[in-house]
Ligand SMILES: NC(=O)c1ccc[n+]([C@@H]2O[C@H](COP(=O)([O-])OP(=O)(O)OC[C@H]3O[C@@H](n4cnc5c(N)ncnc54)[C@H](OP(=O)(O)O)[C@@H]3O)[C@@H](O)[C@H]2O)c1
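Just one chain follows, in the form predicted on its own, and it is written as C-alpha cells.
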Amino acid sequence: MDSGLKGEHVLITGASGGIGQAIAKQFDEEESCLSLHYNKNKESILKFSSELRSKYTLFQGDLSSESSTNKLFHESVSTYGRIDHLIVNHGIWPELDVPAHEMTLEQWDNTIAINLRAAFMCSKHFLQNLETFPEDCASIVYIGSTAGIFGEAGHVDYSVSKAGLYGLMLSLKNEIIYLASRGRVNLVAPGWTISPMTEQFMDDHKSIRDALQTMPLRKLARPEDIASVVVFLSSNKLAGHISGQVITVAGGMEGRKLFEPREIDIDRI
C-alpha cells in the first residue's frame, strides 16, 4: 500500500534505541528522507544506519539543552529542507524503584527535562519549521507509555513525564492546523516491549507473568509493532483524518488481571 511518505523528511529523536531503530527502518522502507538523532549510543546508530537505503543524516545532541535542540533542527532543515514529520521517541527510564517520598528532586527534574521538556522544545522548533515552510500536511507522533495511562509505582517521574505528553498532544493538535491546515498530532503508548533497554528484565519471569496476566494477547510487543503504528499515523494517505488520538500498543492491556499464572506460557511471549 502506498503510504505517500516517499521523499518526505522525517526527524526521529532517540533513533539509536531499539524502538527508534525500528521506526527508522520502516520509514527507510517507505523511502523517506531521514534525520536521525542520537545522544550517547553512537556505535549502535552507526552500525544500524549503514544498512539504510534511503537518504539519512545522523545528528548528535542532548535534547534537555535548548541550544542543542535548536542546533538539531537548524542543521536538519539546512540538510534536507522542511521537516514534514516529527517523531518524538527519545526518553529515559530510571531503573531503580524509588517511591515518591524518597525520590530526589534531582532525579525528578532530570526525567522531566529529558522526557517532557525536551519533547516540548522539539515540538516548538518543529512548528517554527512549519511556519517557515507553509504547506498543508505535517504530523507529530509522540512515543508515550502505558505508564502514562496506568501509572507506575516506583517510577512516578517517568509516568508523569509520559502522561504530560498527552496534554501536549491534545493542545498542539489544535494549534498545528494554523501552520499546516491538514497537520495532525497523535501519541503511541507502548506497553511491555522487548528491546535492548528491557533485555535485562527478560529473565524476571514473575514480573513478565504478572504483566501478561493483564493482556488478552498474552505476549510482549516487539519494536516493529510500535514502528508500524508510527508510520501509519505519519502518513497523510493512510491516517489523514486521525488527530488527537492515543494508540495503545500493549496487547489489550488493562489495569486488572485477566488470567491466572498457570494460563501464561512464558515461552510464547
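Start at 1 and count along the sequence shown; that's the residue number. Everything numeric here is computed off the predicted structure, so don't read it as measured data.
Note that the form predicted in complex with this ligand isn't included here; everything after this is about it.
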| query | Tell me which of 168-176, 82-90, 101-109, 130-138 has residues with heavy atoms within 4.5 angstroms of this ligand in the predicted complex? | reply | 82-90
| message | in the predicted complex, is there a heavy atom of this ligand that lies within 4.5 Å of any heavy atom of residue 18, even though the partner is absent here? | response | yes
| Might residue 185 be said to contact this ligand in the predicted complex, defining contact as any heavy atom within 4.5 Å? | no
| query | Using heavy atoms and a 4.5 Å limit, would one call residue 63 a contact residue for this ligand in the predicted complex? | reply | yes
| query | Hey, in the predicted complex, is residue 77 touching this ligand, heavy atoms inside 4.5 Å? | reply | no
| request: Work out which of 41, 214, 243, 235 lies within 4.5 Å of this ligand in the predicted complex, going by heavy atoms. | output: 41
| said: Just to confirm, with a 4.5 Å cut-off on non-hydrogen atoms, which of 180, 149, 156, 114 contacts this ligand in the predicted complex? | reply: 114
| query | Which residues in 166-193 have a heavy atom within 4.5 Å of this ligand in the predicted complex? | reply | 190, 191, 192, 193
